[in-house]
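Here you get one chain, nothing else, as structure tokens; it is the form predicted on its own.
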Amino acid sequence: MDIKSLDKNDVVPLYVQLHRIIKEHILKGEYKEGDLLPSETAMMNTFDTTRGTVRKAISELVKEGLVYQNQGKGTFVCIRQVKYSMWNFGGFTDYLKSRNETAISKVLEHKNVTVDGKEYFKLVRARGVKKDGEVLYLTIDTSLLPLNLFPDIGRFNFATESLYNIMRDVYNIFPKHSEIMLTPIKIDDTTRDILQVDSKNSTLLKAEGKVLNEDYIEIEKVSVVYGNNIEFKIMTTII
């Protein structure tokens, strides 16, 4: 585990820096469910900081539900109820791998289609993760893949294989950029059942657009409906 140091010259308070560092380790799976965090004294020594800074950072983690404190025993990781955060629009399998979790896919539809006179392979999947012996589906993804770029791509088993890995490894095409629009949508009964949405009047978030390669050639038309267990967060740079 890489240990980042606190920057005492940064305008960001030290306890906020420490909170972010510990949170990152938890979300990456470096601290797992039930793990005991290092003691206050150990964190003070590791990060060369004060007990007050450590306690404030831990307090923020407790508020977020990432850890809980057991008096006399220490601070423990509790992430079972933490939502999945999509920081960047990209490969679902790669995202869960970064959390040390295994992606689960259920193929709902796969066939060749014609859109605006162009041939595509259409792939619709429910995407999720196995937790506590059960599958929790997080998204329903629809991909349209140009057959001139991906001939015979329908031969692969997308219940077990990563679409983006196949793009890279088999076709030597690398997803690099995305142009995505986010909109709220009403969902049908099938989507509601798969994503375990209770209310019939629920509105979910849909990301829709296209994925481009390094030369800005469109390689995928994509639509993703996110369930209630996803927090969609966007990071950008202001210039």
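Numbering starts at 1 and follows the sequence shown. Superpose the two forms; the largest set of C-alphas matching within 1.5 Å is the rigid core. Please read these numbers as outputs of a predicted model, since none were measured by experiment.
The following text describes the form predicted together with the DNA, which does not appear among the structures shown.
**Item:** Close approach of Leu14 to the DNA in the predicted bound form, 4.5 Å, heavy atom
**Value:** Result yes; Leu14 sits at the interface with the DNA in the predicted bound form.
**Prompt:** Hey, in the predicted bound form, does Thr114 get a heavy atom within 4.5 angstroms of the DNA?
**Reply:** No - in the predicted bound form, heavy atoms of Thr114 and the DNA never come within 4.5 Å of each other.
**Prompt:** Looking in the predicted bound form, any heavy atom of Thr142 within 4.5 Å of the DNA?
**Reply:** Because no heavy atom of Thr142 falls inside 4.5 Å of the DNA in the predicted bound form, the answer is no.
**Asked** Taking 4.5 angstroms as the cut-off for heavy atoms, does Ser39 touch the DNA in the predicted bound form?
**Response** Yes, Ser39 sits close enough to the DNA in the predicted bound form that at least one of its heavy atoms falls within 4.5 Å.
**Item:** Contact stretch among 27-35, 49-57, 172-180, 205-213 - heavy atom within 4.5 Å of the DNA in the predicted bound form
**Value:** Partner-contacting stretch among the options: 49-57.
**Request:** Work out which of Gln71, Thr102, Asn148, Thr160 lies within 4.5 Å of the DNA in the predicted bound form, going by heavy atoms.
**Result:** It is Gln71 that has a heavy atom within 4.5 Å of the partner.
**Request:** Classify Val225 as shifted (yes) or not shifted (no) between this form and the one not shown, where shifted means its C-alpha moves by 2 Å or more with the rigid core superposed.
**Result:** It does not reach a 2 Å shift.
**Message:** If I superpose the two forms on their rigid core, does the C-alpha of Gly72 end up displaced by 2 Å or more between this form and the one not shown?
**Reply:** Comparing forms between this form and the one not shown, the Gly72 CA shifts at least 2 Å.
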